[in-house]
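Before any questions on binding or motion, here is one chain by itself as structure tokens, the form predicted alone.
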């Protein structure tokens, strides 16, 4: 018998061979990403999902019967699409019912105003509140005011939201919505009304969550439409004294059980490692929740379905999470982080679609600085779909924004949001605001991203510490 010949290869050659194999693997993965793009752009599945949700369920306020209807719809839809696993996880959520809202200027010129209660607000007395308005440009201006200026009055924060592609104007003005009631109450105000946190000129008020503080009186809080804020300003040009009668009848009704709804494409070689793509299932109660966040539900679900249909399963598990109760305080997102804490070390990366259906133009990430260039190179193929490389300062989206605190890398697929805050949190959030072609481009981007991350061999941890701006 002939002895086997042992061939010794130089280490440099072995390194070159490994590099060539890696390059070949990356090329194959990028080719699959291009195929996913083509399939997504030719499909209307994402739009069909949003259409189904808005028509068959509609508005789905957390803790309501419609919320549970949405959960059941989601389970049925995900099962019908053939995912490897579909399940739900219970989440306790606060229940708040909007009730009625009205406002009238009683002096100097009697006129009705279009308003809506802010989420979580208490009611006015049964006969309402009548008082003079005291106007402030910003929340900071209110903070700087004296108690004598505010006491016994209805505070009016008149901060306009600027229009930007990335929606950064919202981040500036939303503080008045969330924190204004506490600041006003600390100075003795009887109620607060804010200019809607929106970029539109429609006579529709934008709702949204506000907060109270233990030990500070809870005063009624509402938003008025932008044209009505302009109307108040017109009156204040003519007189220093404008009197408003405000009536709100919202009610808090304890807690209820909702659910995070989850679907998975099981990984082939690293099934315990997870690429998470999410959206939130709940919505405010005045529109049909099409852009916020029916669009996100359609985008991430359709993207994962495209990966499910591939002849080759991804290496890592792709997990779709449809979060509960985002609108009233990221309740589902916080519950997921808490309930999956022991598993978070296995989360490779996470991203959430919650900014409407405008085209995605950039991919930001938050990964180990030494991995940033490799991730940009790996995802460079997404430029074919109009998605350019971004920065390393992503927060991932509302429901995954707490995951970096647990060491989970995140990504933000940035959408063109120039018109998003025209419709956000209003009755005008309806299906007709979605461009099917733009939605398909989003599906393509999320499918490419999830596939490339599921196949990636780049070490993303430890993630950089958050930079204070």
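Please read all numbers here as calculations on a predicted model, not as lab measurements. Positions refer to the first chain, counted from 1.
Here the subject shifts to the form predicted in complex with a further copy of the same chain, a form of this protein not shown in this document.
A.B. asks: Using a 4.5 Å heavy atom cut-off, which of 198-206, 393-401, 84-92, 263-271 contacts a further copy of the same chain in the predicted complex?
C.D. replies: One stretch meets the cut-off, namely 198-206.
A.B. asks: Please identify the residue among 255, 342, 110, 80 with any heavy atom within 4.5 Å of a further copy of the same chain in the predicted complex.
C.D. replies: Filtering the options by heavy-atom distance leaves 110.
A.B. asks: Only one of 231, 381, 244, 335 comes within 4.5 Å of a further copy of the same chain in the predicted complex by heavy atoms, so just point that one out.
C.D. replies: Contact residue from the list: 231.
A.B. asks: With the partner left out of view, is residue 58 within 4.5 angstroms of a further copy of the same chain in the predicted complex by any non-hydrogen atom?
C.D. replies: Heavy-atom contact with a further copy of the same chain at 4.5 Å: present for residue 58.
A.B. asks: Would you classify residue 428 as touching a further copy of the same chain in the predicted complex, given a 4.5 Å non-hydrogen atom cut-off?
C.D. replies: Within the cut-off, so yes.
A.B. asks: With a 4.5 Å heavy atom cut-off, would you call residue 286 a contact of a further copy of the same chain in the predicted complex?
C.D. replies: Because a heavy atom of residue 286 falls inside 4.5 Å of a further copy of the same chain in the predicted complex, the answer is yes.
A.B. asks: Answer for residue 432 alone: is it within 4.5 Å of a further copy of the same chain in the predicted complex, judged on heavy atom distances?
C.D. replies: So residue 432 counts as contacting a further copy of the same chain.
A.B. asks: Contact check in the predicted complex: 169, 315 and 319 versus a further copy of the same chain, with a cutoff of 4.5 Å between any heavy atoms. Do all three pass?
C.D. replies: So, no: the whole triplet misses a further copy of the same chain.
A.B. asks: For the stretch 221-242, which residues lie within 4.5 Å of a further copy of the same chain in the predicted complex by non-hydrogen atom distance?
C.D. replies: Residues within 4.5 Å: 227, 230, 231, 234, 235, 237, 238.
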